[in-house]
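Heads up, the chain below is alone and in the form predicted alone; it's given as structure tokens.
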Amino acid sequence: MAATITNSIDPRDIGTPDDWIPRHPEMVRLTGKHPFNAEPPLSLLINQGFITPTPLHYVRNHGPVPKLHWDTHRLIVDGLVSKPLNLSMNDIQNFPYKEFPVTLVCAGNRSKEQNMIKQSIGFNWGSGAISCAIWKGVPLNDILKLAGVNLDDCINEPRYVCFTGADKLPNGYYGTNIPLEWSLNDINDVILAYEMNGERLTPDHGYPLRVIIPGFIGDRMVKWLSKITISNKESDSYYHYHDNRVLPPEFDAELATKENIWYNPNYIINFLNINSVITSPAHNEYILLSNLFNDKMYTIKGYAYAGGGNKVIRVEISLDDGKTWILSKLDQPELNHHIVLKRGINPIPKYWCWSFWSLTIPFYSFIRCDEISVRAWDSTQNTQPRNLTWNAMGMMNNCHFRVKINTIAQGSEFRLVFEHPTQPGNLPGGWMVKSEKSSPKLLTFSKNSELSTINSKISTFTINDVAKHNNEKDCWIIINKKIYNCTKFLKKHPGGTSPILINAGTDVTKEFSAIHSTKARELLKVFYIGDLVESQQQKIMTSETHKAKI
């Protein structure tokens, strides 16, 4: 499907706070109906080339998109400044601007692979939580200088640039910060963007104003920017501390909270890490076994990126489980038109965009090959680890990306079928999904459980029974054919009441399984009230359908 902008509202957004925002129907949703967190299918993304069309750019939203207007939106600059500012969008648009391509990557890119080891707090992001767009905006440095901020302010104590968005969430407004030194350095190209790919920002991407911090994780780039505060302390936003951290693997969310680990500055994420992904062969792509014995060639392809402005210097492919590596051909479109590289007499090179790589090999190279793996290197000689390290938020996964090769009989033919580790969201498929040995049960009743006493007297309900309980005063949901009365839990839900109420009276198995940990599953026990059964009408329809097939 083409990546054209559509004026139609996706049916999945009807009844949610975002039912006014047009969205591309091909985007893979990771958190059910709401909030909107989505990535494009990997093949569709990579077919767009260097610049990602806006409708296919991945989206990370923590809650409802705020309805803001160009003519009334203001940017406040306050805190430790000598000249506080109150700027309109027209004021901001009249400043000198920069316009250049930047690749944004969610810190959760490839997090579903971590969730196959153990469920994290993170969503089931696939390898499409990456996009590249041309951003236009005023340099943050210019705004800060206008407010009377300079590097001398950082001599005696650290200073932070704290960003606050207009998206009000269950735990306050979304906010975060970056060091003032990074903001004031021109070569870092931090801008306040108001255009994306030649047009004003769309609602999902921060209209009318957002921060772009090249080389950083996407979650630092606050959308719907309403305030900049210069402070000698880090942002006080709940989300600055309880999001975008890589904790040691022995800490789950509960232990991290108990031991106050969220506030340990060692675990904050700012820069992207080195990463690479195989895009061709695509998941479930195949070649005929007979082709292995002729002179045909196959081109393996993919993308790579690094953080902090570092350059991807090489990408290597292994066909023998990492024993030997083959250097691929590297294509870096950024070098052709990135204005940052043309600045000054002795410019300090910074690289803000993804690279593409390819390796053409004979078909016979796949003989006795069980998997294809890839690793990238950056200009600081950092490379990807072979194996992933699990963390509570499922973030920054950059282990070797490995595509398995299976031999499958199809009639009289034999095929080599390629299999990626996972597919995004709740989409099925992936060799890691198949190899998951023991997925935790949604509910387990032990002999000591207080619920075990009612096992022999379990109530049963039909889908129509559950559908009647669909409001704030009477809220039921279905998960894996079990019914839960969540009415008393609504106000305690960390994500607010909206995500539950939008789905009240329906089956939320996919949405719940995609984003909740084992602990959350255990909490369900308190709200369990019975099992789902088919109504008489459903049984008749099922029976008739079965007869028709016979």
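All residue numbers are counted from 1 along the displayed sequence. Predicted, not measured: the structure shown is a model, and the values here were computed from it.
Although not depicted, the form predicted in complex with a small molecule is the subject of the following passage.
Of the residues given (Lys223, His240, Arg159, Arg375), Lys223 alone sits with a heavy atom within 4.5 Å of the small molecule in the predicted complex. Here is the short version: of Gly425, Pro101, Gly218, Gly128, the single residue with a heavy atom within 4.5 Å of the small molecule in the predicted complex is Gly218. Although the partner is absent here, Gly165 sits close enough that one of its heavy atoms falls within 4.5 Å of the small molecule in the predicted complex. Among residues of the shown chain, Arg210 is one whose heavy atoms approach the small molecule to within 4.5 Å in the predicted complex.
In the predicted complex, Arg245 stays away from the small molecule, with no heavy atom inside 4.5 Å. Tyr174 belongs to the set of residues with a heavy atom inside 4.5 Å of the small molecule in the predicted complex. Taken together, the three residues His57, His62 and Cys106 all come within 4.5 Å of the small molecule in the predicted complex, as judged by their closest heavy atom. Contact annotation: the small molecule lies within 4.5 Å of heavy atoms from the stretch 165-173 in the predicted complex, the single such stretch among 165-173, 74-82, 416-424, 328-336.
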